[in-house]
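Next up is one chain by itself, shown in structure tokens, the form predicted on its own.
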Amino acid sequence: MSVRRPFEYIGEAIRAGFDWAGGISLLLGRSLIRGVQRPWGIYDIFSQIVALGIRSLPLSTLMGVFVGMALTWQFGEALMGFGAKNAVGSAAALALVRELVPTLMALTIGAKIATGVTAELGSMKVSEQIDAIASLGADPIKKLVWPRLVASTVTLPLLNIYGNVLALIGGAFIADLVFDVPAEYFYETYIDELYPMDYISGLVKSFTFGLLVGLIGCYQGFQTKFGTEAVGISTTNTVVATSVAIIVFDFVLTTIFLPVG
């Protein structure tokens, strides 16, 4: 019995993972099918964009500026050892635009958005408001999931663009202040190093992360059980699931956009 139990736990975990992925996929399919039907809920979508995106601007500002400054400082110190500190803009550009800004924005802003959605929908589930919406003849997926899904998918790429601009400004500030690399030269080398595909890869990542954030947040909220601790458990699970999904999909998308050779 003691030999079998670890394998039983592993099997249950794998099965639960497949059940979770299947539930996420079903929610996505139902949302796309029902969401594109009239009425489109434009007002609800814009309300969610304000709630999820505009209220995240202060945190996005801090993330963008300090990520740009920290990475530029790290690259500057490393390049000084080779006498190539003037290349700090070129070195920072690819790391920030392709990887760090979209991923760190998703891990911080995305987790904030997902947990907020889970807490809101979970509270509605516990207080039976979702059942009340369904009993009135409205579709909970159309009314609750679709606006949040669209808002998170739109918001995260926009915040990514905003974060990239701030990272550039923060990097130029550190390059000029610490390493005596003129901000204008930093800007020129930063932009010259980037190609359209670099911008596209960052935006595709942000779009995918936004979709994942909205899906996981809504799914975990709908799966909230009844009880005083249920909402807290759901939000905790949302943080874990969102972080793991972002890291996994970041690797997958990186292998797509940066093939070996």
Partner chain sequence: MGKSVCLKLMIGLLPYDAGHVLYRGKEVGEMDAENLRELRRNVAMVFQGGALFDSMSVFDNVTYALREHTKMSDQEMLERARECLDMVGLGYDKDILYRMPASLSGGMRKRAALARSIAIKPEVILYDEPTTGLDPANIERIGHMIRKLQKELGVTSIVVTHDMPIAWNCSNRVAMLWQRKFPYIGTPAEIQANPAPEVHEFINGIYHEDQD
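Here the structure is a predicted model, which means the values were calculated and not measured. Numbering follows the first chain given and starts at 1.
We do not show the form predicted in complex with its partner chain, though everything after this point is about it.
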(request) Taking 4.5 Å between heavy atoms as the contact cutoff, choose which of Glu188, Glu77, Asp131, Asp176 touches its partner chain in the predicted bound form. (result) Asp131
(request) State yes or no: in the predicted bound form, is some non-hydrogen atom of Gly81 no more than 4.5 angstroms from a non-hydrogen atom of its partner chain? (result) no
(message) My question is simply whether Leu94 lines the interface with its partner chain in the predicted bound form - judged by any non-hydrogen atom within 4.5 Å.
(response) no
(request) State yes or no: in the predicted bound form, is some non-hydrogen atom of Ser127 no more than 4.5 angstroms from a non-hydrogen atom of its partner chain? (result) yes
(request) Verify the contact flag for Ala138: yes if a non-hydrogen atom of it lies within 4.5 Å of a non-hydrogen atom of its partner chain in the predicted bound form, no if not. (result) yes
(request) Have a look at 138 to 146, 83 to 91, 67 to 75, 153 to 161 and name the one stretch with heavy atoms inside 4.5 Å of its partner chain in the predicted bound form. (result) 138 to 146
